[in-house]
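Just one chain is shown here, as structure tokens, and it is the form predicted on its own.
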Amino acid sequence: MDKYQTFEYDVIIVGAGGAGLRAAIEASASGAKTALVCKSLLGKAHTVMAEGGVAAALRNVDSRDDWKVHFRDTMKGGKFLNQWRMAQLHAQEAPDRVRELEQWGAVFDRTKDGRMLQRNFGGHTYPRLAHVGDRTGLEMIRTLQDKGVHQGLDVHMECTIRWLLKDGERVAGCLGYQRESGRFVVFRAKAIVLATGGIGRCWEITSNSWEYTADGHAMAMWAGADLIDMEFVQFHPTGMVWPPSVRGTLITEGVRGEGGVLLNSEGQRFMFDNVPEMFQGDYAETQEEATEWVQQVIAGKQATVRRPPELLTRDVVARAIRKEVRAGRGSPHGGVFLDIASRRTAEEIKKKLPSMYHQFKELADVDITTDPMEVGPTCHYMMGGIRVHPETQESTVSGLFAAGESAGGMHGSNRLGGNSLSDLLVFGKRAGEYAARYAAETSSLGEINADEVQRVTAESLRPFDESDGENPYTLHEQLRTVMQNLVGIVRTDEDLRSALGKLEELREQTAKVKVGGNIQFNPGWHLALDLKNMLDISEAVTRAALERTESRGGHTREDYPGSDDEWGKVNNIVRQTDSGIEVFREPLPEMPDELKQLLKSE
């Protein structure tokens, strides 16, 4: 072991996005010696791409809002498959976490009387998203970084964690490598928090950046932790579709929250024809009613009419866009049109949506103050993840915690926009707090198995030894194509079984993957290692999707188009067993009667 650089901490947080930073801040404040390990540079977190706002029932714009309505919206958006206790804690604690962020220096947009301004978003009954124009995630990361750095955290940048080390049934540390030098590093710790984000790089069209290669999901599964709800992948309805170089880049839901409308090539607002039965009565039924809502919002008034159907939940809007394109009513480049120019003045658009204005101007040469945007669905968020205890965020492996997009259960089958940012604040804090508590109650560091470290490093270096192997970039593109075409927005039994066969072929090819050059900053080698994560988690998603023979939220089966009441009572649990990756069903936890009554009230 003396040839490996070794660090010792009480708590290690893997991932430096919003969840990781919030966990690190809390663990450090609790007295634990804490380290933050990030795959990229500090500040290069996917949280910065969350533009529209952070959801919390602050009641600054509409006094009718409270945690109970937020809880009901979250459960309804998730089609009641959410872990109810997580949804309850989230709704109750989000306001305090957002106010805390403000106290730490976050500069939110303001109402005329100086309170945090809140905007409308899909699936939320009232204006609930506190925001900073359309750069909310960026402001959150800035604030959390300032707080964390001044608190004295140790930060290890450009360090990829590859493997969790265990001592018996509890975690003892993790093994990674420094991306610049290729040197392997061992971190010993009493507790580990995984906050590595999502899995979007498994799909061809995605809003996710290069870091999102399923690291945390895979490492947790390999370590024996349960995964939950892995069939539920969110395709955000509005990503850029042109030019090809930026295809999938996110367009914030805030555009629709500020009054933007979706149009097909015939100029029709097709969302009026796509309101599911469970949402009827909540959304405007006529253009006149929807227009009145926009006028009230622009005037800064409390909306007294129903929301426009463009603000339906993301799964509904994404499927509606796909339907228009397949029916031949799409835009020239395979999407539909999102129009804000006819609803807002140029000055208002530049003030409310500055990032969107510059994004389209610079990347697509489109002026959104005068012309509509071309948009289409893009793989955006993973509702499934590491199964955690609602209160503590501890996984089914002792000493291993998770928060943010790495953790599953909170969002059920579909996440509401804005809930991701409040989720990472609420449960990032809880993960850091309880990881520090676990470390304090653990007398000593666990023992590291030197043979295991040697085995994992040898496997990691094998691509350099292959004389006639496969190109990792080619294999990655093939994987993304398989997942996009066969495990995308709409799935069938035949496609899913075909995907499993193709994933097995890719796994055999990946075992012979070859990289050239040396070990110092070698992107091909990094991708070759990431392929194992992505293949295993792609299989987990596919097997869970094959098992769930119904359509619900982010999981749509063309061969089972309806929702099944019996499936609405169970979660799919994915485990690594001696036989491979397997799926098990478990009943949903029983909800207290007082919360059941909340779901029935409107």
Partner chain sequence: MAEEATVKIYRGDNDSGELVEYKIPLAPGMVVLDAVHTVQAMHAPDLAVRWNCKAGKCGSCGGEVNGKPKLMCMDRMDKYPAGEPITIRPMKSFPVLKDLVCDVSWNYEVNKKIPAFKMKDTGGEEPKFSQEEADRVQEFRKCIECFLCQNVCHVLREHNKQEEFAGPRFFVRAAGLEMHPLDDENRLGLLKDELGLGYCNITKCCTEVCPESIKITDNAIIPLKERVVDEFYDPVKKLLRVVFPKS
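Positions refer to the first chain, counted from 1. All values derive from a computational prediction rather than experimental measurement.
Here the subject shifts to the form predicted in complex with the partner chain, a form of this protein not shown in this document.
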Location of the partner chain contact in the predicted complex, chosen stretch of 261 to 269, 163 to 171, 393 to 401, 106 to 114 [non-hydrogen atom, 4.5 Å]: 106 to 114
4.5 Å heavy atom contact with the partner chain in the predicted complex for all of D423, D564 and K596: no
Non-hydrogen atom contact W242 with the partner chain in the predicted complex at 4.5 angstroms: yes
4.5 angstroms heavy atom contact with the partner chain in the predicted complex for K33: no
Touches the partner chain in the predicted complex: M356 (any heavy atom, 4.5 Å): yes
Interface membership of A327, the partner chain in the predicted complex, 4.5 Å heavy atom rule: no
E180, E447, E494, E459 - the one with a heavy atom within 4.5 Å of the partner chain in the predicted complex: E180
Partner-contacting position among R135, K76, R97, R343 - heavy atom within 4.5 Å of the partner chain in the predicted complex: R135
Those residues of 191 to 218 which, in the predicted complex, come within 4.5 Å of the partner chain by heavy atom: R201, S209, W210, E211
